[in-house]
Structure formats: C-alpha cells, structure tokens
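Laid out below as structure tokens are two forms of one and the same protein chain, each shown alone and named structure 1 and structure 2.
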Structure 1
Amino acid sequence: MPLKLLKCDVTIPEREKHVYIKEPGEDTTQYLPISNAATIPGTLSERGCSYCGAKLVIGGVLKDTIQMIHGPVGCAYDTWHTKRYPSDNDNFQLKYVWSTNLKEKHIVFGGEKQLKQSIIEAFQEMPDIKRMFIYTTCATALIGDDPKAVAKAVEKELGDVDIFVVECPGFAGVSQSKGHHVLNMGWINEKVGTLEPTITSPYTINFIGDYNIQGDSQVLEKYFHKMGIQIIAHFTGNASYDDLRGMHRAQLNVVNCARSAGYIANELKKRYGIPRLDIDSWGFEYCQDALRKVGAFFGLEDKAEEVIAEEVAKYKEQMEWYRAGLKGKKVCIWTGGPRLWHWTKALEDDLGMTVVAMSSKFGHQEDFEKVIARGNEGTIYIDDANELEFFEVLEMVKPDLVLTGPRVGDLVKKLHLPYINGHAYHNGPYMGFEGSVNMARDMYNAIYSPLMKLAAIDVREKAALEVGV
C-alpha cells in the first residue's frame, strides 16, 4: 500500500502524504513521507518549537554554562525540569535557568538594556561561571533586539567571559529541528577553533549527537577510554562549553544522532577534513559494530574486541533472558525521529520484537529513508502524528508496548497499554551494552506488569461469575 489517508484525517487530506505503510518489494524511491513540513494548525501534533530544539535539546545540556533566555518568563520556566540529562558536576545544568523576564515596556522600547543587565547580574551572582548561551525567543526576535551586540559589549566589559548567542525564536522553522540546525551552524561558525584542547592520546574523537540522557554519554565514554581514545568533545552530553570550542582537533567524528547534530559533523568534515562515522550507540549488536568501526579506524581492533568481549560476557545472559520474554511482542516507537531508525532493527535483532508503527515528531526525509530501509513490511510510518492518528493506529496495530513520551504514555495507559519513556527513559541509561539490558528490562517489566491485566477485568462480571450468576 502506498501513502495512506487515515480515517481521522478525511477532512485534512494533505495528511495522506505523511503516512506510509510499507508493502513487499517497495523502497523509498517509490514512497517517502513528506516531513519537516509545517503542521496543520489544530491537529494536536506533538511538536515543540525551534527555540526548544536549541535550548532544551542541545545547549541546555552543557554543565558549566549559564542559559540566558531573552524573552518572557515562560520560555525559561518551560524548558527547565523537563529533561533527564545529568552531569558529573552535581547537575548544575538541571538546577538553573535564567530569563530576562521581558515585559511590555521592553516590547515597546526594546529589551537590550534588560538583556545586558541580566547578563551582568547572572555572572555576578555566580562568579565561578564564565560561560553563557543566550537564546532569543519569539518576542525578542519580533522586536528586533540585537543580542550579539549586547554579548560583545559584555564580553569586553567583563573581560573573562565567553558568550554564544543562538538566534532561534520559537516560530522559526516547523519544529525543534530548526533549532538544532541554528545552534549547530552558529557554533561551528563562531566558536569551533577558538580554543586549543589539551591532547592526551594519539587517538581523538568527538562524540556527536548524544545528550547524556540518564548517563548515556558516560557509558560510551567508558568504552572509548578503555580503548585509549580521548573524547575531545561530546556534542553535548556532560560537556563543558570549552570542550566544544576544541572540536576541530579531533581525528574522527563519531555521530549518533545525525538529525540533531549531523550538521556540525558535516561542517567539521568540510572545513577541517575530519571524517564522519555514523554509528548506532543503542542496541547490543549495533554497539559491537560501532566499537569495531572506531577500532578499525584507529588500528585499535584488538582493544575494541577486548571491550566487546568484556561487555558481552557481562550482559549477554541477561539479554538472552529478556529476549525469551520479549520475542514476538509488538511495539510502537513514537519519538522524535532518529530513535525510529536506531531502534527498529535493534529491537528485532537483539530481542526478537516486532516494530509495528513508528511516528517521528521532527525527523526529515533522510530519517524516513533510514527507517523505511530498516523497518518492516506492514509497519506504519508517520511523520508528525497527532492524537487522533495515534488512537487510530493503535486500533490498527494493537501493540503490546508503546515507546513514547509521558503525555502520550498517560493516554495509552487508559487503553491498558504500557508505555516506556522513549525520550528520557524509565530507568536508563539505554545506550551501550548495559543500556540495552536496561531498556529490555524496562520493556519486559512494562509488558509483564500485572496491572494492565487487572485493568482489563470488570470486577462486576468477575463477581458475577464467582457467585454463579
């Protein structure tokens, strides 16, 4: 079947171009859902804004940086306490957010003075912190403030601070994806190459596109360190601002999330000749391939095999145990975009599960090429799915589990379906070998929880049976 118009979409037929069901013999030259296109207003889509793509996803991960949000207070309030990315310095980045608290008078007369004052105050209140990201928002973009000029003036005035400005108001682009792009390009243009990193190993990489969700980056770092490889910068899990200024010195860019950070990898290749090696850092099998590739690049094949052997020995048995329970279980992946293609075959190959429906919030067609190439026939692939489409798809595919965010998770619970947090995880990390086990465990526990089975019972009928009515 080609592109599919769901029943709930009859009044918005343009949605047909965003929904695809793969049939035998088809490939992406025949059908490829439209994606990274504007959402139809009023559809109850799951998308966020581009500002959050920059701040919440990438910039806000940095563990030593003031996140100054130039706008009304809500943009700061709403992108604080909404992510699970810890750090090794007691989670500074989780604890604070800064706002210029823009008010009507600033809309009328301009907000630059307010911005400058807020920046200086922020550095004064936390004198140990010397780095800052500034984000514009819808309001400050519309009034035409020039935050870059303000940042320059403050840098000059204070002398020892470094500031990066992201001009990506929420209404720019069609989703958070635009914010990823703006931040990537801004950083390579303005900050990469402004600081020379200390080189401690003959083998150096940047690990691009992982955000230390529940400690993911730290798991991967452990493997690379065991192989004797120095990670100059994680982009941006558990990273420091200054780490990222030295990205130009790595010999290899290892890329996990190509959607949010492929841009900077491409530019590093174009400008500095650093090759881009795309890997999957989720998945038990995938992770072995990833380490082997990096090993092969540096001639560290033996080291890679050592790490793999050690990790596989530690976790293989558990993976097999979970595989026995999860084999044949049907799962939906409704997340941001890349996890669709990272996870679909990993869940099949590692655990014998079947991915029956996938939805991407902000993926581009590149992501759909990947996921359709990797995904099953009969599986439903949707770009920017909305609430009614989710309900209809659940009816069509009847999954055992949904990997998605808490909001949709709360919704499917009412339909007696367990969910696992596909964005922030239930109990991660989910990357690497131990992560694969964690993810398998969480899925197993969700599927085999007695609660959803109890939910399905109507106690009146049960009581009736027991009393023989």
Structure 2
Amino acid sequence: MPLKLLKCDVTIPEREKHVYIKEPGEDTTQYLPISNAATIPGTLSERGCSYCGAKLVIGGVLKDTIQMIHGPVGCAYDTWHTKRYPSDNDNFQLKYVWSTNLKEKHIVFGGEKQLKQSIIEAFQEMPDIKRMFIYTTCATALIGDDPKAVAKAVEKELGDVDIFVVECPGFAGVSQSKGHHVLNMGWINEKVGTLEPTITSPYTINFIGDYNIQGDSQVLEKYFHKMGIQIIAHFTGNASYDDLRGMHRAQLNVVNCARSAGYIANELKKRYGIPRLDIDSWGFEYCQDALRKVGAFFGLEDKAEEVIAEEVAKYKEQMEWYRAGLKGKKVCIWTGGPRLWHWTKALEDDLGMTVVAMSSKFGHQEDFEKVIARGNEGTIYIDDANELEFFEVLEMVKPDLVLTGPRVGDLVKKLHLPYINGHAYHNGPYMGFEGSVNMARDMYNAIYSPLMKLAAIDVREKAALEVGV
C-alpha cells in the first residue's frame, strides 16, 4: 500500500493519509498525500501561522517600508531577523521591526488607540519613510479591532503616507500558506494600479515569488538586465512599496515560487491580461531553461544565449568538480512547499545526487503532484511532518545530507548528520548559475566535513580507555 502509517504514528492513524511512498506505475492522482489540511492535534507540527506567512515570507522583505505588527510584542520578535533577505537600501528591512505591544488592558478595552499612536510615532521616528504595512495578529482579530479604519484616518491626517493592511491572524487557514494568499489578494485589490511606473525598456516583466534570500533577486536581475529586460517589480525581493503598485504595466509575469505568489500572477492575468510564465531559477540546467523561456517570449533568444554562454563558461567547471564529489549521495529535502519540486531534479540532474525523502510544511495538492512526478520510485513524501516522523524516516533512508530549516536542522545535527539551511541558506545566494555553485559547495563541505565524525566520538569513553578504567 503506497500510503504508509509510520510506527511512530500508531496512536494517530489519520497520519497514514499524509505519508506516501512512490511505487512503480502508480497514478499519482490516486495516491497523493492529503495536504493543505488542518494539522492533526498532537502531531508536533513544524508549520508556521498565517501571520507568519504574510509578514515573514512576503511583506517583511520590502526595503523601504515600516512593518507594524498590531499585537503582542512576541509576534513581532518571532518574525524578525529569521530570514536573510538583504537589500540595496542599507538593509533597512533587516534592522527594524515595529509592534503596537498590546497588553492585557488593550485586549479588554480595544487596541485601536494604541495602533494609531504607534503608527504616528513610527512615521515621526522615520521621517524619510512614507510607506507602511500593518499586520493583524490572533489577539487583535479576536477583539475586533478595525486597522483599516485606523489606517485611513492616519493617511488623511498625515497626508503624504500610504498604508497597506494585511488581515492575517495566525489562526486563519491551516498554515502560513493562508497568509500568502491574503497578502497577494489584498495587494492586487487595493494597491496595484495606483501608481504608474517609469518604463525604460520595450521588454518588461514582474519577477514574482522571489525574496532575495542572500541576494537571489539581485543575481537574477543581472541576467535579465543583460538581456535588455526591465523588471517593473520584484514580488518582493529587494523591492520597494511603490514598485509593487506599478505591477499592472509589465508585459509578462515570471513566477518562481508558485505557492507563495501564484495568486497575484493569476489575478494580474485576469484583470490586466498579463501572461504568466513559470520557471525554475534554482539549478544550473534549470536556469538555462528559464532564461531561454523568457528570451523566447520577447524574441530575445540570441541575448539569452549570450548570457547563458557567459555564465556557463564561468561556472561549469566548478559544477563538474562538485558533481564528482556529490554523485550518488542521498539527500532529504524538508522545506516549505515548492522547493521540493524546484530542487529535486536540479540536485539529481546537475549533481547526480539521489533525493530519498521529501517533506512539505504548507504545500498544496498541485505541489505534491509536481514533486511526485519529478521524484524517484521509493522516495518518501510527507505532508506536515512531525519530529518523530523525521527521526523514523532518517532511520529508513539513512541520508548523507538533509536540506531543512534551523529547527529541524538542530535535531538532525544531534544525530551527527550534516544539514543545509533550506530556508535561508548557509552561504548563498543559491539561485542562478553562481547560486548553483554556492549550493553545491555548501553541500559538499557539509558532507565531507570531519566535524560530524568528531562529534560522534564520546570523549569520556576515550579517556576511560586511556586510564584503563
């Protein structure tokens, strides 16, 4: 039976529907693991909340925007400095976060006055910043505060500011994916089309679903500029608030992370007729395919080939060297959603590695369809995995490396297995040609580092042998 109940889940038999092992000749529409469903109580989920999906993944990346979290201070702290998304605005978005710092009295009597005071204080303290995102949290949604009304009052009072409210309490939806959707739909409903961008090229795109982790966006932007293509807006890596207001003027939406930002690409197509083109920008071969697709859309095939030739010449030799050391190594990919299917074939085709297990925190059915189609027979696929399942799977597949986030990564290190930060990277960027080399380098260094072997040695036992105890 391809759907599998792991030993650790005997007391939670419903988990069988969330674990799948691919077998020969199967129709994946019959055996897809259930996904985008509420977490089963007691399973120690690794998921984040809706608020986290909106603020941490998308909105908090903007380089010129005050990020005001309307709720207890812990909500702000939890989503600050946990992702490595730099910007060319002196990393403004990494340095600051704002909170209304609600206390018990605000929960009892309402927090709207505190919100208004906090908004005005923030703009006064940052006089050069005229843009703001406000996020609701569980507490402020439950007490019924109306942050949109407060925002409109402040805009009218101050005159030269623009505020966007994301109503994304953590309890909404089943995972951080709900926050992605809320922010996407809110932005296109309220802000897209409210500002006309300056057009400098006959070829224009929005690059959607990339968050400039350790400079990813800036790497890809360099390729597009060499092809003569103007990026109207990044959604949202290294982007400004006003860039995103002009998304309606692009000729093409190039989508990388379909799960976090496919919603706005679809709406831009419906409302403004802008075509959507999905690409993979992780992976040496994938990046070549991506540039060729975009080049073909604009009739810039020659320009695309020039960029590809230049980058391949710089990095191919290094990729081949790393392939020799990584070929045949087994890897687990335990990340959010789309990276499973972005990375699996890239690691296997570019580097000869074998992906033996995959886990998604917030993937939907279409994400599992893609990754299972790209994956090998015998590979384990899990939706919303828990810690005990991770340990059991590690014993089953015995990988050489795990790509995951820091929380699970710390558990993995205790088993003396190397891990690479699949959320924020070790030493990125990881996108594009140079990013593929960086990722291969980090995986190679992790696997061949002597530290893991040294960590497995119990020095107490060695000392006992030396003294003859």
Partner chain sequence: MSLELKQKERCGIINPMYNCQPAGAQFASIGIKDCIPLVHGGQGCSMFVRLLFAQHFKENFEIASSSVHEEAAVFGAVKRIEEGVMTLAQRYPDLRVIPIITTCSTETIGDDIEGTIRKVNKMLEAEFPGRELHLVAVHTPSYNGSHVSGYNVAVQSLTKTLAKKGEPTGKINFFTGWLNPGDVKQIKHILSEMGVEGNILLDTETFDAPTMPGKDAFAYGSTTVEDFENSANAKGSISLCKYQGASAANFLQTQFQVPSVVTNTPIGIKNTDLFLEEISKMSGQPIPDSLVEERGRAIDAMADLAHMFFANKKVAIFGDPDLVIGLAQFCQEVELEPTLLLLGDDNSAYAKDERLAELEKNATAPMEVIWNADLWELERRVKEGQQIDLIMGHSKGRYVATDNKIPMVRVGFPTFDRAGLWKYPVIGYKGAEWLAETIANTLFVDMEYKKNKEWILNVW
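Computed from a prediction, not measured in an experiment: that's the story for all the values here. For clarity, a rigid core is taken as the largest C-alpha set superposing within 1.5 Å between two forms. Residue positions are counted from 1 along structure 1's sequence.
Original post:
Of structures 1 and 2, which one represents the form predicted together with its partner chain?
Top reply: Answer 1, the form predicted together with its partner chain.
Subject >> Rigid-core frame, C-alpha of Ile21, shift of 2 angstroms or more between the two structures >> reply: It does not, since the Ile21 C-alpha is displaced less than 2 Å between the two structures after the core fit.
Original post:
Quick one: once the rigid core is lined up, does Ala455 have its C-alpha move by 2 Å or more between the two structures?
Top reply: Yes; Ala455 is a residue whose C-alpha shifts (by 2 Å or more) between the two structures when the cores are overlaid.
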